[in-house]
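Let us start with two forms of the same protein chain, each given on its own as structure tokens and named structure 1 and structure 2.
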Structure 1
């Protein structure tokens, strides 16, 4: 029995016979932050819907840890304007006691908004509310679909900081989808670059130099990202060349770009 929170093996999902994602292997352990990146239509959202159990696999298997509690943060939540709702009432829908809900709001930095109407929240506050909601259920696995969408750049950095601090405190596993490549590269442990299949995966430092990544995002993106990694495990010589490249900067052995 493995300790993985969730494990996908050869996961394929087809809509009307057309595969949206194909042959995905994926493992998330407690404390992992796994980020899924990839172009529009790559099947990112479909893949995490399979992870949270609202999308059935066409082929392959998925195994979730026994008693796994998933906290899900959807891409966006547009509350019907006809539905009156305060932040506190929204939290109470988790069925958790009031003190737990209030603590979750405080933890995500919106404790002062408990009496506010959900309809008047800003984009960043709404995302924090959704995270607080997931948090109140004490998840082992937190699944976030573009958590920083519609949030300004400062807010984005703060959100990713928040997500990382939650992982440290709860020791939960985290899977998230993100388009914010710069921030992801700084905040995540492992990255999967998805384009229907996993075109490359690995640690942020190595993935931006991966040929599969370069193919999907282009050379200019890959180069611009290189700036954001600060490797402290190597030295430069007088000409700025790296003296001792570590194994981590080598292409990852799991990468499968043979199909490109």
Structure 2
């Protein structure tokens, strides 16, 4: 197996002596998609800030692969509405060559928007731009904090398709935070349920039956996830529409993006 990209052991972060996250063990390898779920205030964003190196641990240890490059996608980015800014200019601020920036835009499906104003982008287009900015660094590890924030249900499906395709093509590791439980269960390899500590972790198909998950999210949510079978045998376009189904697939039957 390849060397882990990042490994946390007993990671604890305290603010004024109060633990925000406590005793976290976490390993991300190349090609992994790991999703962190949990209620508000569970410490999810604090934990990934430690992963990317902007938040120190109070106790425990973190080891990053030598030469690791991390691409970070925040929940949102506020730009002054009076500041003229095109997509191309926004990408140029990464300091990467123009060809690299344009390729990153193309890879996220918005290469045609290089001359568009960032202030006129839809929610999904803006999230793709933030992902493109992270990709321009050619990361080994991509860290996304609520990547589908402010995006409608079809756009969320398209974004998660994009994230999986980037993993497949780049073999990078991916850590996501998400509240979109039904969709993210189809988009991830492993799930960690966090509520200051790790309540449970495992494969998406198993996690909803774990007592720790039920305790955090409640029985009704656990039951709705337990019966949610997402056979992801198709792809979505930029607007979330199903594309390229095979003759054997039945996308409207197999992929019901529920919002229980």
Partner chain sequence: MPLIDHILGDFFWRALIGGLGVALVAGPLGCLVVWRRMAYFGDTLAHSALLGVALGFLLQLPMNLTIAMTCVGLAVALVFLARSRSLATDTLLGILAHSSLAVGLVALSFMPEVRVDLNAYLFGDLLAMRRDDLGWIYGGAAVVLALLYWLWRGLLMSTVHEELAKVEGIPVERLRLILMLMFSLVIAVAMKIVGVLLITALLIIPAATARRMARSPEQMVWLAMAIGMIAVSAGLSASWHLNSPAGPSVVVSAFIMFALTYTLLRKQRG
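Definition used throughout: the rigid core is the maximal C-alpha set that superposes within 1.5 Å between two forms. Positions refer to the first chain, counted from 1. Since the structure is predicted, the reported quantities are computational estimates derived from the model, not experimental observations.
In this comparison the chain labelled structure 2 is the form predicted on its own, and the other chain is not. In this overlay on the rigid core, residue 111 has a C-alpha that sits less than 2 Å away from its partner position between structure 1 and structure 2.
Positional change of residue 150 between structure 1 and structure 2 stays under 2 Å at the C-alpha, relative to the superposed core. In the core-aligned comparison between structure 1 and structure 2, the Cα atom of residue 81 sits 2.4 Å away from its counterpart.
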